[in-house]
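Take a look at this single chain in structure tokens; it is the form predicted on its own.
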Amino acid sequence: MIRSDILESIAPVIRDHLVVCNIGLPSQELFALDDQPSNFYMLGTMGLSSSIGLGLSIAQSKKVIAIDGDGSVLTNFGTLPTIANNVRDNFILLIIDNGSYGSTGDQPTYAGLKTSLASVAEACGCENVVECSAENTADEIQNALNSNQMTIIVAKCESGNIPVEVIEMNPVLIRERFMAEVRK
């Protein structure tokens, strides 16, 4: 399975929750697979999906799922200790670890080599960390939603991209419709 397969499998599970999706191809894939007004698509700011998701979970009580990639987490390593020290039981971080910078040409990341992001998250103090195969990601997200406990999920998958269109929706509209969902 590749990242788009994971996104397709989790779409029905995350549909009724606030979702902050990683920059580039992950946002484009989620948009193409299951556009929802409760999805905030990152069109810039690599590495900040997890930080924005955590901030959103602090600001309100609805469940928030941040979808990030291994490359993005590696560019913003400060996010994991910040998450560990600001526990919010309405926050789930899904790191789709395909071992590559998928949006920029599939260059390998260190997570695809020797670095375990699950081990790094645990070393930072994150208490509920799950590493799973791509095939089990939807079940692990459902388990995390049911547990009402902050969870970091590292889903391992193969590198690869599907052809998708650029999100043509105006960024202001993306923000406005997402904020309407937050206010509900």
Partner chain sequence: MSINEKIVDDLVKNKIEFVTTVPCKQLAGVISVLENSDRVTHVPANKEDEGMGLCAGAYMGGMRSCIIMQNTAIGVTFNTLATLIQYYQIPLPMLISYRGEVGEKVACQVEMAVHTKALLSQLNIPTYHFHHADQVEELDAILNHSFMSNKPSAILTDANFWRTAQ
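None of the values given here were measured: they were computed from a predicted structure. Numbering follows the first chain given and starts at 1.
Not on display, but discussed next: the form predicted in complex with the partner chain.
- With a 4.5 Å cutoff on heavy atoms, Gly78 counts as touching the partner chain in the predicted complex.
- When the partner chain is considered in the predicted complex, Pro37 lies well away from it, no heavy atom lying within 4.5 Å.
- When the partner chain is considered in the predicted complex, Thr82 lines it closely, a heavy atom lying within 4.5 Å.
- Residue contact with the partner chain in the predicted complex: Val182 places a heavy atom within 4.5 Å of it.
- Of the candidates Leu54, Cys157, Ile141, Leu117, Leu54 is the one whose heavy atoms come within 4.5 Å of the partner chain in the predicted complex; the others do not.
- Here the marked residues Ser103, Ser133 and Ile152 all miss the partner chain in the predicted complex; none has a heavy atom within 4.5 angstroms.
- Heavy atoms within 4.5 Å of the partner chain in the predicted complex are found in one stretch of 141-149, 125-133, 39-47, 66-74, which is 39-47.
- Scanning 153-184 for heavy atoms within 4.5 Å of the partner chain in the predicted complex gives Pro171, Val172, Ile174, Arg175, Phe178, Met179, Val182 in sequence order.
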